[in-house]
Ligand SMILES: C[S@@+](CC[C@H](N)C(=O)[O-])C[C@H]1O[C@@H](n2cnc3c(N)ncnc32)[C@H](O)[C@@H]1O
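Heads up, the chain below is alone and in the form predicted on its own; it's given as C-alpha cells.
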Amino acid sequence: MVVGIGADGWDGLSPAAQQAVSRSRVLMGSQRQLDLVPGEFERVAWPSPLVPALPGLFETFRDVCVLASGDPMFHGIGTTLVRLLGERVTVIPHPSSVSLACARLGWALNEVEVVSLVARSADLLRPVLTPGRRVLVLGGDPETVAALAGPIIVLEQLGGAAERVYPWSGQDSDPLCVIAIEYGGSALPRVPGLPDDVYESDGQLTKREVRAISLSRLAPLPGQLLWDVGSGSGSIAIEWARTHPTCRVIAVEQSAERAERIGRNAASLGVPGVEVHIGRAPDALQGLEKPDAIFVGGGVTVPGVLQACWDALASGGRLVVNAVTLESEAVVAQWYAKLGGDLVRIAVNRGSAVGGFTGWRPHMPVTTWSVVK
C-alpha cells in the first residue's frame, strides 16, 4: 500500500487513506512523513541510498504502508515501487504539490511545464524557458533557479498550516517548496539547426544547415536512444536530446578534450544527461546499450566502424552517415550500393561581405547517406 500525504498531515487524508494506514503494521517513508502520522506503528525511515535497499526492505517487513509526498505516481516513490513489486502495489493519491500550486496561482494545470530537479542538474531548466511559458520546479534551489529564469514565486508547505506564497527576493526558503516561473527572457528553439555560435568548438562542428537535415533523417522519437559516433562538438547528440526530455544519447568521441567540450555544450544547452564515452570506434561501441538510431560524423573510413554500427541496429533502426572527403565518400558509395537508402549531397553557400557588396561563400559540400534497417 502506498498512501500520498501532504503538509496538512493526518487530518488532510481521506477516510479511505486513513483506514489504509491504520490497518498497516509497518510505516515506511521519510522521517518528516512518518512524524505526520499518529498511532502505534513500527516506523522505518528511508535509508540512503534508497533504491538499492528497497528489495531487502520488502523481504524483511510485511504488512507495510509506504507514505509518499502528494501523488505517489507523480515524480514519486510510487512509480519506483510499481516497477519493483508490480501488481502488489495499491496507491491512494493525495493532491500533488503541482495541483496545489496551480490552484494557488490560478494557472491551468494542463498548460504548465513541470521540471523535477530532485538530485538533478538545474541546467535541465534551460530548454523549457521560453517566452511566456509557465513552469513549476520541484526540488530546486530558489537562488539557482532565479539565476537562470529571473523573477520567481516560491510556494512553501502547500496545504499545511505553515503555507506561504511569495515573490522570492533572496530570503531563505523552506526546503518543502515549489518554484513558479513566468519566463520573459530570450530562448533557443527545440527544432534542429541551432546557430553554430551557441557551441564551443575547435572546428569539428556539423554546420547548422547540415545538422538540421541530418537530424530530420535520424527522426528522433520520445524515449529513443542515439549513438553519435565521432561526436566532435556534440551538436548532433545535443539537438537529438533537446527534441524531447526522454530522448537519450551516447556520444562516442576519441579525444578526451573534445569529450569534455561535449559535456560543457550539453550543459549550456539544457541536456546535461548526454552520456559521453571516450574511445575510438569500433572498439568503443562494444558493450553499449543498443540504439534506435546511429549518426556517424567522424571515423567513416576506419575499418569496421560502419559494419559495427549496422550490426548494432535492430529492424527499423536508422543509420545516417555524413561524408566530406573523397575517401569517406568512397566508403559511403560502397555501402549505398549494397544497402540502398537515400544519398544526398548538401552544398551550402552563405552570404558575406565582399568589400561594400555581398557575395556567396561556399562551405565544403557534405554527402549524407541515410538508410533504415
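Note that residue numbering begins at 1 and tracks the sequence as displayed. Here the structure is a predicted model, which is why all the values come from computation and not from measurement.
Here the subject shifts to the form predicted together with the ligand, a form of this protein not shown in this document.
S.K.: Within 4.5 Å, heavy atoms only, which of R133, H244, R280, R120 is in contact with the ligand in the predicted bound form?
M.R.: Spelling it out, the residue with a heavy atom inside the cut-off is R280.
S.K.: Among G298, P220, G140, P72, which has at least one heavy atom within 4.5 Å of the ligand in the predicted bound form?
M.R.: Filtering the options by heavy-atom distance leaves G298.
S.K.: Counting only non-hydrogen atoms, choose the one of 84-92, 125-133, 247-255, 177-185 that falls within 4.5 Å of the ligand in the predicted bound form.
M.R.: Within 4.5 Å of the partner lies stretch 247-255.
S.K.: Is S233 close enough to the ligand in the predicted bound form to count, meaning some heavy atom within 4.5 Å?
M.R.: Yes.
S.K.: With the cut-off set at 4.5 Å between non-hydrogen atoms, does V302 touch the ligand in the predicted bound form?
M.R.: Looking in the predicted bound form, residue contacts with the ligand include V302, since a heavy atom lies within 4.5 Å.
S.K.: If we define contact as a non-hydrogen atom of the residue within 4.5 angstroms of the partner, is Q204 a contact of the ligand in the predicted bound form?
M.R.: Yes, contact at 4.5 Å.
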